[in-house]
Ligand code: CP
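The form predicted alone is given below as one chain in structure tokens.
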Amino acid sequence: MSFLSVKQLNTEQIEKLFQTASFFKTKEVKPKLDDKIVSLIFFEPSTRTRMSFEVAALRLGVKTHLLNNKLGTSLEKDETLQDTVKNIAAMKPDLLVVRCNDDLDLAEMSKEVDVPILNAGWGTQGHPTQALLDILTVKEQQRGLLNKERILFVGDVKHSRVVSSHLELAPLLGYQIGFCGPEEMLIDSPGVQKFNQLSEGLKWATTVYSLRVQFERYSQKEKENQQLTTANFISHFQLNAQALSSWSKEGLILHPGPVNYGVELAPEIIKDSRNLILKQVEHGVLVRMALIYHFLKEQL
């Protein structure tokens, strides 16, 4: 079975993943996985996701090999994404970790290959491991029940696969979601509050989750207004010392990376005690270790 969406999990399985991830945080273990091979297939650029999957596998004793974008592969000769995945699957690795855009349908691909696929970021469809590591980061702050959490996503909600996965995870775990940003960057979603002013959103939020403006996913017409869009965003929705000065000292600041400092986050936020961005990166390794372990050693 592949893992493409948070919707495939129930609360018991999610808690089991969190328990395993937390165990790996405190215990150095070497399960007998040295005969396993994980293929990392990254058709889109990535630092945190790609390297954390690789570190996670290596810590478990799993061998990895990497396809990193088109350079040096038959994709430069116009081989399709679909054929590339099928050919790698035919080499019989034990697991495929795939990051791709919407041009590749991972759901269909999972039916066509006999190797399980882990979604490492699929276009705007979802990024389930990111959503899981985000919530593990919040849980580790020992803030009590998740149903008290109100997470405000600020920025380019429309193009965010992270948001897509949180919309699936929130009903399972009971936390609330809000959106804040320019109207053209937001979407309508049942049960989700929308805020057009950052100050109002922060009054509601217990956690603020900043999102990068993903101009690479914009149409050409939208890109023509890039400078105007960026200037407007900085003026009204940037998280900076002034905007956060009256916000709760108990609040948490998250970001999936990469951060464009000076746009969605001001440089001073790096030193804000509420900033948990590097904790998210740390927990990314642990969550991905847990997933690889359960896929290769012990099923959820």
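Since we're looking at a predicted model, the values are computed, not measured. The first residue of the shown sequence is 1; numbering continues from there.
The form predicted together with ligand CP exists for this protein as well; it is not shown, and the discussion that follows is about that form.
- Stretch from 230-238, 29-37, 244-252, 47-55 whose residues place a heavy atom within 4.5 Å of ligand CP in the predicted bound form: Contact criterion met by 47-55 only.
- Message: Give me the residue from Ser210, Thr84, Gln130, Thr137 that has a heavy atom within 4.5 Å of ligand CP in the predicted bound form.
- Response: Residue within 4.5 Å of the partner: Gln130.
- Message: If we define contact as a non-hydrogen atom of the residue within 4.5 angstroms of the partner, is Pro267 a contact of ligand CP in the predicted bound form?
- Response: Although ligand CP is absent here, Pro267 would stay clear of it in the predicted bound form, with no heavy atoms inside 4.5 Å.
- At the 4.5 Å heavy atom threshold, is Gly262 in contact with ligand CP in the predicted bound form? Gly262: no contact with ligand CP in the predicted bound form.
- Message: Within 4.5 Å, heavy atoms only: does His166 come near ligand CP in the predicted bound form?
- Response: No - in the predicted bound form, heavy atoms of His166 and ligand CP never come within 4.5 Å of each other.
- Message: I'd like to check something about Gly61: if you look in the predicted bound form, is any of its heavy atoms closer than or equal to 4.5 Å to a heavy atom of ligand CP?
- Response: The answer is no: Gly61 has no heavy atom within 4.5 Å of ligand CP.
- Query: Can you tell me which residues in 88-103 come within 4.5 angstroms of ligand CP in the predicted bound form, by heavy atoms?
  - Reply: Just Arg99.
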